[in-house]
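There is one chain below, alone, in structure tokens, taken in the form predicted alone.
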């Protein structure tokens, strides 16, 4: 059994990330496997990154690209908090992610979901797919595994869910 592997074939970076709003907050989730093609590089990676005390980002696509965007946004949000003397809102964090993603759209291969809670708008989810568009949604799904979940979320998500319902 001689199997040939095409080393020039595009690498599949399979990931599933989700963000769901509920009455009082958000729930974020991600798988934990980092792979390139059929090779699993890490079975226990963390694809949810803290940006501030109340804002997180779910990362999919190129791990290097998503990590550098997250690092820059975290730095800018820290500077924002120091200059204004108050924490940044979820919308500000999401717009920084959008700005970096859009301005570097020809170089980045990453899709992100920004989620968090602030005292002005409560729990919020923003999807920032490949290319740097920003979409505020009650729930967002990303990554190559997302196509399997859209039907489920269309049926299961409802306005005013409890935390337990959102986590289920």
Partner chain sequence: MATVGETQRTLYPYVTGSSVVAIKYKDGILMAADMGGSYGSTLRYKSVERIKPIGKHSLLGASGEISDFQEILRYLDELILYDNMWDDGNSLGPKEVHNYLTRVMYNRRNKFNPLWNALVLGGVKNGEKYLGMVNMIGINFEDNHVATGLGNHLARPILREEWHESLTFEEGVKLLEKCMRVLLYRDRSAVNKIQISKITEEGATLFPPFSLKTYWEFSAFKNPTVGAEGSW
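Residue numbers count along the first chain shown, from 1. Quick caveat: nothing in here was measured; it's all calculated off a predicted structure.
Omitted from view is the form predicted together with the partner chain, to which the following refers.
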| Does any heavy atom of residue 27 come within 4.5 Å of a heavy atom of the partner chain in the predicted complex? | no
| said: Contact with the partner chain in the predicted complex for residue 116, defined as at least one heavy atom pair within 4.5 Å: yes or no? | reply: no
| task | Indicate whether residue 61 is a 4.5 Å heavy atom neighbour of the partner chain in the predicted complex. | result | no
| query | Is residue 95 one of the residues lying within 4.5 Å of the partner chain in the predicted complex, judged by heavy atom distances? | reply | yes
| query | Which pick from 50, 67, 45, 133 sits with a heavy atom within 4.5 Å of the partner chain in the predicted complex? | reply | 133
| note | Those residues of 136-157 with a non-hydrogen atom no more than 4.5 Å from the partner chain in the predicted complex are 137, 141, 142, 150, 154
